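The chain below stands alone and is given as structure tokens, in the form predicted alone.
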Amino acid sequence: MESRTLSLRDGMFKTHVEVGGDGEPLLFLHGSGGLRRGGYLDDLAATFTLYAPEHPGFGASEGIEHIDDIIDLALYYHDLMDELGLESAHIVGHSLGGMLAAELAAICPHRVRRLVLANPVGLWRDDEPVLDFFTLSPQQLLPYIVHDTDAEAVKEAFAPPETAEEQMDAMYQRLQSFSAAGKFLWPIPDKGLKRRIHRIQSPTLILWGESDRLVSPSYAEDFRTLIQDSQVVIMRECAHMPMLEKREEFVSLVSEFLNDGS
């Protein structure tokens, strides 16, 4: 993977993007915890030309002060696609990135070839509210987002920082990411998607971990009902982080679905 920094809107935004692979373009939109680099990105880049940006206000990307709401963020991503020379692309979004991917597809349907929503937020059920995770420590949050805290893949992905410097950096990155995510998810992640989601025309795959305690799997059927050409796959022994917990299965499901329309 190659790291790039792009300047958008005459320098208003500086965007860090990981790019790699060769094939049909795939835009990966990360969740509230930021872009978690891992083997799943390399796996997807083996089949597609993968673009994995950090949202404004996350990681090395700047310009969150110019974004007021989720619609602003979706429009910003259309600008980013223009800058990358992407008239259209497959889009995979996880959690907050799933909400954003759905907004992108609703606002400008022709730019999204095929859509994958992995444990997305964006809808709301009073009987099963999305977890208010902003006040939880990393240790408190982990059982809500993974199926097995002792699994080797989980231990590797969520290994605690070893040095004091790494601990301080991890705390800063977490604070930065959650501060930015709060702009789109707080106090609840219902920002009107339900009024626009009917505009999505792309074939859509909805993936959900059966053990997700952050966003209940019951939301999968809500998304399926609201998106005309969509299907649901519930992933076993998996929670909110399928690309880390079940890397091979996640990559296989995504790749097969995206290639199905080729």
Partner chain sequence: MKLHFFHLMPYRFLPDDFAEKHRSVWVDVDSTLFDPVKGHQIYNENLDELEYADELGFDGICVNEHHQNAYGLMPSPNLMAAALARRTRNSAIVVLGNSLALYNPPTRVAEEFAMLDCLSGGRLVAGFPVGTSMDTTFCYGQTPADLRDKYQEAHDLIMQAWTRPEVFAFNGKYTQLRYVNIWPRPIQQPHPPVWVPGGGSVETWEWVARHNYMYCYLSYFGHQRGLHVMKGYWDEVERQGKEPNPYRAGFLQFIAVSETDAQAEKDYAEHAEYFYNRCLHVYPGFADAPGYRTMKTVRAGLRAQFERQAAQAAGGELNWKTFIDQGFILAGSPETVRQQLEEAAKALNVGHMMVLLQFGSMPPELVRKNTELFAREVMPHVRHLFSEYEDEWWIKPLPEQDRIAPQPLAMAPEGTAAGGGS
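Positions refer to the first chain, counted from 1. Computed from a predicted model, the values in this text were never measured in an experiment.
Missing here is the form predicted together with its partner chain; even so, the following discussion is about that form.
Visitor: Looking at heavy atoms inside 4.5 Å, which stretch does its partner chain contact in the predicted bound form, given the options 94 to 102, 148 to 156, 109 to 117, 134 to 142?
Guide: Comparing against its partner chain in the predicted bound form, the contact stretch is 134 to 142.
Visitor: Would all three of 217, 219 and 226 be in contact with its partner chain in the predicted bound form, where contact means some heavy atom lies within 4.5 Å?
Guide: Not a single listed residue reaches its partner chain in the predicted bound form, so no.
Visitor: Of 182, 160, 129, 192, which residue is found within 4.5 angstroms of its partner chain in the predicted bound form when only non-hydrogen atoms are counted?
Guide: Exactly one residue meets the criterion: 182.
Visitor: Is there a heavy atom of residue 165 lying 4.5 Å or less from a heavy atom of its partner chain in the predicted bound form?
Guide: Residue 165: yes, in contact with its partner chain in the predicted bound form.
Visitor: Is it the case that residue 85, even though its partner is missing from this view, gets within 4.5 Å of its partner chain in the predicted bound form, heavy atoms only?
Guide: Residue 85: no, not in contact with its partner chain in the predicted bound form.
Visitor: Taking the shortest heavy atom distance, is residue 171 within 4.5 Å of its partner chain in the predicted bound form?
Guide: Contact check for residue 171: yes, within 4.5 Å of its partner chain in the predicted bound form.
Visitor: Is residue 76 close enough to touch its partner chain in the predicted bound form, meaning at least one heavy atom pair within 4.5 Å?
Guide: No.
Visitor: Within 4.5 Å of its partner chain in the predicted bound form, counting any non-hydrogen atom, which residues from 46 to 75 show up?
Guide: Just 68.
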